[in-house]
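One chain is shown next in structure tokens, namely the form predicted on its own.
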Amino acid sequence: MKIYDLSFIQAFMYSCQDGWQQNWHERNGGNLSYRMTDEEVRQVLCLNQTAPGAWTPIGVSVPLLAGQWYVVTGSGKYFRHVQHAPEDCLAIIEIDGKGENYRIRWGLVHGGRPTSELPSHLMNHEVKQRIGQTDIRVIYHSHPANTIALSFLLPPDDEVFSKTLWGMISECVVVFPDGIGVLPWMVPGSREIAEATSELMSKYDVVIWCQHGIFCAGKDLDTAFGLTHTVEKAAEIFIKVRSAGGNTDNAISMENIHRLEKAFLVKAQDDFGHRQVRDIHTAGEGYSFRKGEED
């Protein structure tokens, strides 16, 4: 048996293929991370197919993740290739005892490194554990076209995005009752966008990067994929209605949202606060972005 024959790696590969088939991962766009269970780590070690690489700085400190193992996509790797060459496109990484470095235990056999968004992924994983959501194991970043298009039509405001999408499909307030966090455009792979995203992940399971894509957190791969899918479908409906010259004023009203709350035993976010929206023209300045190594 090879490591990529293990059930959790197969599920990871399937999720990558699902995202590719949804057209959410052009070229090498997007990335995915999964926190392994202790039993899954034992399964990997029992196969005796791991050769620890050198410790490499993460770029951020995530002490709560010390000693944990993750499956991640590789920088510059294509989601459509994962199914056929997992050992080249994926990596299993181990976090050191301080949460400051990682080393590759398997994968990326032809060279390379984990996704350039690794700091964002690990900071998001850490914030979920810090606030007690220890069942969250997956962070999924993709580039769904309608969600990105929506960021051209709405201001980068949590409440506006959340209530707009809640109004498109009855399922939305059931699937993401806490709402959606939104960040104006920032440089991908930067420390700033990692910190800003993890800040919002303390409140939401969905964060939209304007003109870029979406980050979703889930307890498993299906949950994270389904969350992304629901947001994207709601955005698609909004785009289609507007493109057809329709009026979205007759979306599901907040009165009916409250009826859905009672029917499905959920509580919609009603306190979005007054988070200051960063200047979209200056956000992300001061950080370098290595050309050709994104995602």
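One-based numbering along the sequence shown. Model, not experiment: these values are computed from the prediction.
In what follows, reference is made to the form predicted in complex with a small molecule, a form of this protein that is not presented.
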| item | value |
| --- | --- |
| The unique member of Q68, N28, T230, S33 whose heavy atoms fall within 4.5 Å of the small molecule in the model of the complex | N28 |
| In the model of the complex, the residue from R103, H212, K203, R80 that sits within 4.5 Å of the small molecule by heavy atoms | H212 |
| Any non-hydrogen atom of H143 within 4.5 angstroms of the small molecule in the model of the complex | yes |
| T164: touches the small molecule in the model of the complex, heavy atom cutoff 4.5 angstroms | no |
| Heavy atom of S198 within 4.5 Å of the small molecule in the model of the complex | no |
| 4.5 Å heavy atom contact, T115 and the small molecule in the model of the complex | yes |
| Proximity to the small molecule in the model of the complex (heavy atom, within 4.5 Å), stretch among 126-134, 154-162, 88-96, 70-78 | 70-78 |
